[in-house]
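Below you will find one chain, with nothing else, as structure tokens; this is the form predicted alone, and questions on how it binds or moves follow later.
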Amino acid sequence: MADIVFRNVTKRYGATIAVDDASFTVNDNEFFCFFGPPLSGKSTMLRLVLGLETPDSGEILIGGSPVNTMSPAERNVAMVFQNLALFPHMSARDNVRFPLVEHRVAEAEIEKRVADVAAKLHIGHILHKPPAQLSGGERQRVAIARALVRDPNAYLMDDPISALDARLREETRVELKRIQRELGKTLIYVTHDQEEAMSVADRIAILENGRIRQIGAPAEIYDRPASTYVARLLGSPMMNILKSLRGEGGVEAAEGAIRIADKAAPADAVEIGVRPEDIKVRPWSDGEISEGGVSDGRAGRPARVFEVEPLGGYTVVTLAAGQARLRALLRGQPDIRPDAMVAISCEPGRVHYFGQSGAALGR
């Protein structure tokens, strides 16, 4: 068993709190991801698990055993650092072999493991080269292979594929997910790429200034963000967060361009959140809205098309409603042009409500 538990862990660097009273459990055989902006505490979390940093308070357990006083070697976890840390005087093959040689694994077993991991990461043709002769992406895959070739309690990866090009990054993250399932090992992964986090993780921990703001499955966090901070982090384009006003029969936002017929909307909501894919856009027809407005969830006042970004299978449309700006994600390439007047709407069930503090509110 290699479940990893943090109990009220805090880590400070002078006056800076890098990890602030963190309590969570990474389950055995789980692909767990830390996600957040730079300086949110992601890498510090990994260093605490590895043993390169010691918590100022709290306790860390691996497989049920406290490890606060254990050295990194005693914890038996494999790490892929962001800066790779390959041995420059060794070939790629010797770098991959190194952990097994140090643990005195039989030569036949070493060769088998190296061949297996090289095939999985497509590096067999570069194993004879030293790191200086490898591209950034090749060095990154060698570093990943050096971790995967071991049989540790858990794997830790600090943004391991950031140097790869977009296509290879997609292939590698699929491979990492498949390999983790085959190995049946706990894997903790750090990334600043939301697409990576959403695609590979069983669960994601969203970090802000060393604090965990939400933990859950990717779809759960995407569909039910705990705050405006979390809502803005996941989703591309990001969720539209708009100031809202309570009116008769519901709420309105974007200076009346969106009117939601939701009588169950929380009375203390000050903002609404709407995903771009949930916004409906149609041509504006003069006189379609009566003097008293609407109460059936259809559009309110017109909005102006500010910008159109055709991206092949879908189109991103930026809309202006008074001082408010919002984005809609439409299928295909609709015939919408800048400066056109449009009506916008959203189904009440797809609207998120947030209070004064930014926390999500129930209906």
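What you see is a predicted model; the values in this text were computed from it and never measured. Numbering starts at 1 and follows the sequence shown.
The next section is about a form of this same protein that is not shown, the form predicted together with a small molecule.
Screening Met70, Leu311, Leu52, Leu39 for any heavy atom within 4.5 Å of the small molecule in the predicted complex leaves a single hit, Leu39. Distance criterion of 4.5 Å from any heavy atom to the small molecule in the predicted complex singles out Ser43 from the list Thr315, Thr318, Asn27, Ser43. The closest heavy atom approach of Ser23 to the small molecule in the predicted complex falls outside 4.5 Å. Remark: Arg325 does not count among the residues lining the small molecule in the predicted complex, judged by a heavy atom distance of 4.5 Å or less. Although the partner is absent here, Arg47 lies within 4.5 Å of the small molecule in the predicted complex, judged by heavy atoms. Using a 4.5 angstroms threshold between heavy atoms, Ala18 counts as touching the small molecule in the predicted complex. Stretch 30-38 is the answer when you ask which of 30-38, 303-311, 326-334, 54-62 has residues with heavy atoms within 4.5 Å of the small molecule in the predicted complex.
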